[in-house]
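So this first bit is one chain, no partners, the form predicted on its own, shown in structure tokens.
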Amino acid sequence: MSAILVLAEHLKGEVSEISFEMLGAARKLGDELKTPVLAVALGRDASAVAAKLGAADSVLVVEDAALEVPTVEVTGPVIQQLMEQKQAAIVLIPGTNLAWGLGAKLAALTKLPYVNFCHGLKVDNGAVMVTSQLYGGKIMADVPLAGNRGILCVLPGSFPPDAGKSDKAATIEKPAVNVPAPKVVFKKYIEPAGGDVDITKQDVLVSVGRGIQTQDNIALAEELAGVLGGAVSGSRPVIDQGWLPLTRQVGKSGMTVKPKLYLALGISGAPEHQEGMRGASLIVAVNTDPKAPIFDIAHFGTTTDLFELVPALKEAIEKRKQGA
């Protein structure tokens, strides 16, 4: 193996956090295997994106109009050519909707094994071991990568993104590749209606689940979020009821969040929900069921009734602020 490739995901000129997660994981892997790490930036203006990928030893840039919002049928052959040119045997791709299906396509093209939902990556006595998170986290499978060769689809939130960020100037290469003609052509972005908060950028989230009982009770969470300087989010049952907009949903079918504080009110903590918030710096769970799964990952927890705790907590915070 001569290189590890990392497909950098970007949208409208901004590099996704999952790209830095993968770069950091690949950097650690490459250092242990004494193998260079090469980032791959595809798109019409990929050079601008490549400048932000200094954690890689080199960035392979392929600029083509067909790669503006590339399909699997276009991206697969392009990455295959880069793998052949650089003799790369391990490729990290993001497990997001922008790259969904690419891992299986690459595995078919290269005849390499494919490991989906990659949540952990390490070297054990010179052999690469991948941890795959299955069924929303109900099963964690350690998969030895035969011959240290394979396509790895990385689950967002699995690795620290800061490890893949660097102020170092990126070394850019522009290899010659054949870009297939796309069958699907990108026309334009249709932006969703604005006006709602972006929960992925909040330092504090007060999240509500079934235990909030009614839509009217969400006002309690909003008041608490207000004094904490945060926003309200929710688990899927709350969103399905229409009590909060879809943009506030946390979990596998919603948003992945990493706030400094995640206060879970009446949330049981199913694996699908944990998948979207386990990366929070501090998780505080409030649930009357002592066996609720949320307590398995919470840093602090209480079985106090949230309708008793939330008003008292809000009052205590307000008094502390006034005292300050």
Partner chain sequence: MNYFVLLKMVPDTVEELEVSADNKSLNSEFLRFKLNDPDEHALEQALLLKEKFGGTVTAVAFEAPEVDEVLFTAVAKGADKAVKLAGDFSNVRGPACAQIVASYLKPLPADAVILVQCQAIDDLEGEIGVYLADMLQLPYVGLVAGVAIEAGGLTVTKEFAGGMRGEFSVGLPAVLGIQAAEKPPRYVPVAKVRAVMKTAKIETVDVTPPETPGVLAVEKMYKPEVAGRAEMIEGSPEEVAGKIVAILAERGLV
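Quantities reported herein were computed from a predicted structural model and do not represent experimental measurements. Each form is matched to the other, and the largest set of C-alpha atoms that superpose within 1.5 Å is called the rigid core. Residue numbers count along the first chain shown, from 1.
Form predicted together with the partner chain: not shown, discussed below.
Peer 1: Is the gap between residue 260 and the partner chain in the predicted bound form 4.5 Å or less for some heavy atom pair?
Peer 2: Yes, contact at 4.5 Å.
Peer 1: Can any non-hydrogen atom of residue 308 be found within 4.5 angstroms of the partner chain in the predicted bound form?
Peer 2: Looking in the predicted bound form, residue contacts with the partner chain include residue 308, since a heavy atom lies within 4.5 Å.
Peer 1: If you check in the predicted bound form, is residue 170 within 4.5 Å of the partner chain, heavy atoms only?
Peer 2: Taking the distances in the predicted bound form, the answer for residue 170 is no, it never comes within 4.5 Å of the partner chain.
Peer 1: Check whether residue 123 has any heavy atom within 4.5 Å of a heavy atom of the partner chain in the predicted bound form, and answer yes or no.
Peer 2: Looking in the predicted bound form, residue contacts with the partner chain do not include residue 123, since no heavy atom lies within 4.5 Å.
Peer 1: Which one of 178, 97, 214, 87 is close to the partner chain in the predicted bound form, taking close to mean a heavy atom within 4.5 Å?
Peer 2: Going through each option in turn, the one that passes is 97.
Peer 1: Given that the partner is absent here, state which listed stretch (291-299, 41-49, 56-64, 25-33) has heavy atoms within 4.5 Å of the partner chain in the predicted bound form.
Peer 2: It is 291-299 that comes within 4.5 Å of the partner.
Peer 1: For the stretch 27-59, I need every residue with any heavy atom inside 4.5 Å of the partner chain in the predicted bound form, listed N to C.
Peer 2: Counting only heavy atoms within 4.5 Å of the partner chain in the predicted bound form, no residue of 27-59 makes contact.
Peer 1: Once you line up the core, how about residue 301: does its CA shift reach 2 Å between this form and the one not shown?
Peer 2: Comparing forms between this form and the one not shown, the residue 301 CA shifts at least 2 Å.
Peer 1: Core-aligned, does residue 76 move its Cα 2 Å or more between this form and the one not shown?
Peer 2: No: residue 76 shifts by under 2 Å between this form and the one not shown.
Peer 1: I want to check residue 34: does it shift between this form and the one not shown by 2 Å or more at the Cα, with the core superposed?
Peer 2: The answer is no, as the C-alpha of residue 34 shifts between this form and the one not shown by less than 2 Å after core alignment.
Peer 1: So the C-alpha spacing of residue 8 and residue 271 changes by 3 Å or more in the predicted bound form; is that change toward closer or farther than shown?
Peer 2: Pair moves closer in the predicted bound form.
Peer 1: Closer or farther apart in the predicted bound form, the C-alpha atoms of residue 253 and residue 9, for a change of 3 Å or more?
Peer 2: Distance between the C-alphas of residue 253 and residue 9: shorter in the predicted bound form, by 3 Å or more.
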